[in-house]
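Shown below, as structure tokens, is a lone chain in the form predicted alone; questions about how it binds or moves come after it.
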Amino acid sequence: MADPAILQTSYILAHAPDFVRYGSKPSRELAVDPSLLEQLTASLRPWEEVVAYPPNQVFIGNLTPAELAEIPRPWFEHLVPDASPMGPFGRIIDQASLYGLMKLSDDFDLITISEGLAQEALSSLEGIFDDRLENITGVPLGEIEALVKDADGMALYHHGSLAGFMKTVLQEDPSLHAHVLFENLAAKATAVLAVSDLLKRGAVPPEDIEYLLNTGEEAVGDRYQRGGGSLSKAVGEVVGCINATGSDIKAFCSAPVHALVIASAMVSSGLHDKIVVLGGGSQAKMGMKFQGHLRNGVPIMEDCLASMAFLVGPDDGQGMMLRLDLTGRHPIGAGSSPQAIYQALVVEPLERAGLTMTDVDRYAVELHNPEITEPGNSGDVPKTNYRTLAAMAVMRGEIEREDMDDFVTEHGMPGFSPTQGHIPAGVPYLGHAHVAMRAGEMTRAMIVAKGSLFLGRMTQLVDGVSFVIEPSPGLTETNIE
């Protein structure tokens, strides 16, 4: 049996301000009050501010969570000087690049873009993604205007002006309407870049990948099977994983952690050698808190699609070992209070190994950026979770009550992830953990995810899963290429 390890990570942010209006919440509110569009548009951030925004720099690895904690809030008023869209874990791309990725990922001519946008996309993607660029073609703007007037679908914008069209495939099938297809194609395109970037960073040929596990929140299918999938294979086709098969994991926000555990079990059993866990962006959740942002006079910060990918394989001495014996799960009968959830996900797996809560250097929980959630009255989600963990450590006699704040500081971190459901679920910290382990600064971290199963109206239950990572034996400090 092989020891499974997370060998490489990749994180992508796609700045897409003109996509915000199509988010589930903005599109519903704009249908009621179209005058909101002007206010929404005026509150969107320019490219330079998005790149220099401190949490975004943490997401791609140019800043650490500890460095973010030292920056005064609001972070959007303390931008990072000379910030780069390139980071040790990934990159930030602009909207033209995203349109180009959607076009090159489109096998059914769903999206049409203007000649000018196509040229801008090609220029933006040069050197970033070199495969299938011949698919990025455009048409005269007059043809797009005709489509908007005469065809079933939705108009698309770039820099506030008409620049594209997304068609409805079958009017009688809500799952194949333009808006749903737009969400799915955006998820596919962002995942394509994350997986491509991952394989380049890990110097792994695409044909070496044997299995793909997609963890995104989209429902790819038709009226007979709304969430059938498989976006995993759709992404693998674009990036050249010709020897891989795959499937989609559906578990709301917990899906990436479920998938990493499943991938590690596949490696450990010898079933597959190299597996990619991936997740594209959730376009439906763009602008989800926009009304709270407008009320509080802050920029609309849910303006990026986030995506990620992780390479799992046998331990090569340079990765992070995923301890399958220290995974946590939330059983059906465990209860749904925060204490019951963390008892199952954190305390029980540690007790099995004779470890205390302070034996974990860092806990990565739901890493939602509080500057996004607080104006929408959702509070500081990571801080609340870390306070709960600290309180449990007090009840267990592992720390004193007066040490709770120190526990939160030493074992937690500020949230820095976009609020796209599956994206914040602990896993944005894996890149930072890898660096800390290579530097000899960390011996153990726990990734914890929770999911709201009740959203589907089929059960009142919640979900949760966790795992512990430790440095591979012989792990040395090296640069992440």
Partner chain sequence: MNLKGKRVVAVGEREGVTGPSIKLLAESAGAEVVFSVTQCFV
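From a predicted model like this one, the values you see are computed outputs, not experimental measurements. Positions refer to the first chain, counted from 1.
Here the subject shifts to the form predicted in complex with its partner chain, a form of this protein not shown in this document.
- Residues placing heavy atoms within 4.5 Å of its partner chain in the predicted complex fall in a single listed stretch, namely 373-381, out of 162-170, 258-266, 373-381, 89-97.
- In terms of contact with its partner chain in the predicted complex, the residue from Gly228, Pro338, Pro205, Gly116 that brings a heavy atom within 4.5 Å is Pro338.
- Contact annotation: of the candidates His330, Lys289, Lys188, Lys103, the single residue with a non-hydrogen atom within 4.5 angstroms of its partner chain in the predicted complex is Lys289.
- Taking the partner from the other structure, its partner chain in the predicted complex has a heavy atom within 4.5 Å of a heavy atom of Glu366.
- For His411, no non-hydrogen atom is located within 4.5 Å of its partner chain in the predicted complex, even though that partner is not displayed.
- Put simply, Leu455 is close to its partner chain in the predicted complex: some heavy atom of it is within 4.5 Å.
- For Asn385, a non-hydrogen atom is located within 4.5 Å of its partner chain in the predicted complex, even though that partner is not displayed.
- For the stretch 85-107, the set of residues having any non-hydrogen atom within 4.5 angstroms of its partner chain in the predicted complex is empty.
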